[in-house]
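Quick setup: one chain, the form predicted alone, written in C-alpha cells, and binding and motion questions come after.
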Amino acid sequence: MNAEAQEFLGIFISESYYFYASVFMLLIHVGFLAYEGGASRTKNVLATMVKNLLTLSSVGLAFFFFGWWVYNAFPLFPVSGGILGPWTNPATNETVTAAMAVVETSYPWSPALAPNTADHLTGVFFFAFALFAMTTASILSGALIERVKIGAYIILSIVLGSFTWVVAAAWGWNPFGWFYTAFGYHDFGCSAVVHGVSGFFALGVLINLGPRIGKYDERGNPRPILPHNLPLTMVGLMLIFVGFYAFLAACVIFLPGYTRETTIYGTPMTLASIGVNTTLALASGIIGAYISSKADPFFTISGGLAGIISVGAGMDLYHPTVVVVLAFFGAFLMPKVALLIEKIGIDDAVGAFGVHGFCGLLGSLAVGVLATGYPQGEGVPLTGFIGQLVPTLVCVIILGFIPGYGTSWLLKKFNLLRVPRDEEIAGLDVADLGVEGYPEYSMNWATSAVNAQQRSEIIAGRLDPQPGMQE
C-alpha cells in the first residue's frame, strides 16, 4: 500500500468510526420514544411520542444554524477571551489562531459542512454533536409529559439543546475551554456537561409548570400516576443503554495520524475501558436501584442509567472496582432523591432530576474526590475537588437551573407554558393531534358514556368532564 492510500485509509477509518457511532446514538432516541410513550397514560401516548420526534427536528436545525458555532466560538469567553466569530482577528495570539481554524468551519454557510471531498471529518463531528444536543434536549422531554404546550416545549428544548448545554460543552468539554485550562476540569462522559445541565434545567421548568391534574390529593400528598405500558418503558430504556455505549464511544478521539486513542482533554483512553466500565456501571446501578426502591420496576431499570451517569465523568480514570461501588451508590440514592422531589410538590413524571440532575452532579464531583491529582495537558492544573466543584456549579445552576426557570417563567407569564385544564383532562392525543393512540380499545373512555363528539365539546370548553374520565 502506498503512502497516499495509507493516508486515505486513516481518514476513512476516523470518518467511518464517528459516522457509525452517531448512527447507533440514534437508538437513544428510539429508546426515549418508547420509554416516554410507555410512561405516559393512554390518552397522551401519541402526543408524547410526537414531541420526541419534534425534538430531533427542532434541535437538529437549531444546532446547524447556531449551536455548532456556539460550541466552537465560546470556549475562551469570558475568562480568557471573547466570543469568536467573523469579527475576530485570527492573528490575535496562538490560541485564537488555532481556535479560529475550527470556528470558521462551523458557520452555517461554511463549505466544510457541504459535500466536500477535501474535508471528511467536520461533517461527522457535526453529526455526532447534533446527536449529543438532541439527547440533552430529550432528557427534558420526559419530565414534562402530559401537560406542557408543544410550542413551549420546542422553545425550551432549543434553549437547552442548542445553547445552554452547548455553552457548557464549550467551557468544559473542549480543549480550549476555560473549565479545563483554568481549573483542570475533567468530565469524559458528560456527567455535568450534559446530565447535570439538563436535569437542573428540567427542575427549573417543573417548578413553573406545576404538577399534573390529580397528582396530589387535597392534602397535598402525592398519588401514583402509573405508566400505561411499563414493558414498553423498560424496552425503551434498554435501547437507551445500547445507544449509550455509542455515545461514550463517540467521546473518544482518534484522528488520522494519531498513535493512540485519547479523551477530549488529550489524556490516554481505550474503547476497551468503556466496554468494561459501562457494563459494570449498568449492572451495579440496576442492583442499587432495585434494593433501594424495594424492587420497583420503573426505578430498577432507571438505576442502570443512574449508574452510568454517576461514573461517566471519570469512566476513563477509574478502576472497575471503583465503578461498581460508585454506580451502586448513585443508583441507590436516585429513587430517594426522586421521591423527595415528589414529596415537596414537584411532579417529575419520569424522575429525570434524580437520574440526570442528581447523578450528573454526583458523577462530576466524584472525580475531584476519587481521581484527584490526575495530570492532564501541559500547563493545565491537576484534577482536584475545587477544579470539579466550581465548573459543576456553573453547569447546574448558571447553565441549567436559571435558564430553565427563567425561560419557563416568561412562557408562563404569557400563558404559553401549560395546556388548558380541559385539554389536559381530555388528553393531549385528542387535543393536539385529533386522534387516539389506541382507538380500538378506548381505554380511557370505556367506563363513561362520553363519545367522540362529546370529547370535542369538552376540548372546546362547552361541556364539563363526566364521571369516569381520568384526571
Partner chain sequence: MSSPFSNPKEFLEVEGPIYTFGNNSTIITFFLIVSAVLFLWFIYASYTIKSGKPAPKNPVVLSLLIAASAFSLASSVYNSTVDNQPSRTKETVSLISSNKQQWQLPMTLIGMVVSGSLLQRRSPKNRRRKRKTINRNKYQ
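Residue numbers count along the first chain shown, from 1. These numbers were taken from a predicted model, which means no experiment stands behind them.
The next section is about a form of this same protein that is not shown, the form predicted in complex with the partner chain.
Here the chain stands by itself, but in the model of the complex one stretch of 122 to 130, 331 to 339, 107 to 115, 152 to 160, 331 to 339, has heavy atoms within 4.5 Å of the partner chain. Using a 4.5 angstroms limit between non-hydrogen atoms, P256 is distant from the partner chain in the model of the complex.
Although the partner is absent here, Y290 lies within 4.5 Å of the partner chain in the model of the complex, judged by heavy atoms.
In the model of the complex, the partner chain lies farther than 4.5 Å from every heavy atom of G345. Contact annotation: D316 falls within 4.5 Å of the partner chain in the model of the complex, judged by heavy atom distances. A single residue from the set L232, I397, A371, M238 has any heavy atom within 4.5 angstroms of the partner chain in the model of the complex; that residue is A371. Proximity to the partner chain in the model of the complex, taken as a non-hydrogen atom within 4.5 angstroms, holds for one residue of T267, T279, S80, T92, which is T267.
Interface residues of 385 to 399, taken as those with a heavy atom within 4.5 Å of the partner chain in the model of the complex (partner not displayed), are absent.
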